[in-house]
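Take a look at this single chain, the form predicted alone, given in structure tokens.
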């Protein structure tokens, strides 16, 4: 029974991680940015959904929609106010811009974390589930919300794949990730592509954050562990590899779930961080990354 519970819970949390990591990988592949405020954007979405439902008495659908829109806004602010000014700055040398962006997004994430804590305290917030009830599988009672979470995550990932691979706009995004200068020569404004990608990333992080709030609940303390898990996933999978990130999401998700059940939920994030250290020494380019 415990084994089946771990399989189901692990699949749901891994699907959430896969969705979040896909967005994380998308903005790195297109704009070359490792966004260390990722966890803060996810938590902002969950807390926004919770606030609209619990404090303003709106229904679950409106709360969830608001959470996703809020994440998109925060994501665009992150790009426009934090990342873009560094990218175009002439006072910072090109080889130093990456570390400046890493530091700036990290500090921005801490600011968002403290704002959330100030406005809503550090107590965990649970977003009201859209789907209620339980499902019995081989004698194990599983919340229907877990199944709903996994389905929505993979449905969104599938829609993203169709967008990128089957639409002109998506092909422009792919071209920008491969040859930005070539895209510019075709008359496509790169800045608009970056804005679109950051908006898509915000939507993905927002959906993942709201679903995580329904599944496990979040607090301002979740910001750091969520960012660490996303970073572990994209490094383990290989920077820029969406397929690698999807595989790594399930590796990390199941490791964390097993740790939570067999040891303690308080230590669920530690094994994935240890795995990150091992990967950086043994295979620094990740599972499917390029040398």
Partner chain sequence: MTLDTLLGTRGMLPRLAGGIALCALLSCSAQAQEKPPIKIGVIAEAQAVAGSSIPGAAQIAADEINAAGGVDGRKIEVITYDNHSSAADSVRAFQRAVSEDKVNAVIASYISEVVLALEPWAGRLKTVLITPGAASDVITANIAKDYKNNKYTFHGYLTSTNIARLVCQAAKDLLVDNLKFKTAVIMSEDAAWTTPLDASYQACLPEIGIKVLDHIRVSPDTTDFTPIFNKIEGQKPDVIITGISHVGTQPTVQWKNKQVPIPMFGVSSQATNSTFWKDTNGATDGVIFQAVSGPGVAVTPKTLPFVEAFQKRFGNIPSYAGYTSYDDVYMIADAIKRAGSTDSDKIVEAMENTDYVGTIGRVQFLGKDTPNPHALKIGQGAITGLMLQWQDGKQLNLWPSGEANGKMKFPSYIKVGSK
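Numbering follows the first chain given and starts at 1. Bear in mind that the values here come from a model prediction, so they are computed numbers and not experimental data. For clarity, a rigid core is taken as the largest C-alpha set superposing within 1.5 Å between two forms.
Form predicted in complex with its partner chain: not shown, discussed below.
Interface residue remark: residue 56 is not counted as part of the site for its partner chain in the model of the complex, having no heavy atom within 4.5 Å.
Although the partner is absent here, residue 85 lies well away from its partner chain in the model of the complex, with no heavy atom inside 4.5 Å.
Taking the partner from elsewhere, residue 132 is found to have a heavy atom lying within 4.5 Å of its partner chain in the model of the complex.
Among heavy atoms of residue 231, none comes within 4.5 Å of its partner chain in the model of the complex.
Checking 260, 26, 52, 34 against its partner chain in the model of the complex, a heavy atom within 4.5 Å turns up for just one residue: 260. Site annotation in the model of the complex: the residue of 216, 176, 160, 152 reaching within 4.5 Å of its partner chain with a heavy atom is 216.
Only one of 161-169, 69-77, 207-215, 94-102 lies within 4.5 Å of its partner chain in the model of the complex by heavy atoms, and it is 207-215. Contact annotation for 87-124: residues with any non-hydrogen atom within 4.5 angstroms of its partner chain in the model of the complex are 114, 117, 118, 121, 122, 123, 124, listed in sequence order.
After superposition on the rigid core, displacement of the C-alpha of residue 69 between the shown form and the other one stays below 2 Å.
Core-aligned CA deviation for residue 32 between the shown form and the other one: less than 2 Å. A displacement of 2 angstroms or greater separates the C-alpha positions of residue 265 between the shown form and the other one, with the rigid core held in common.
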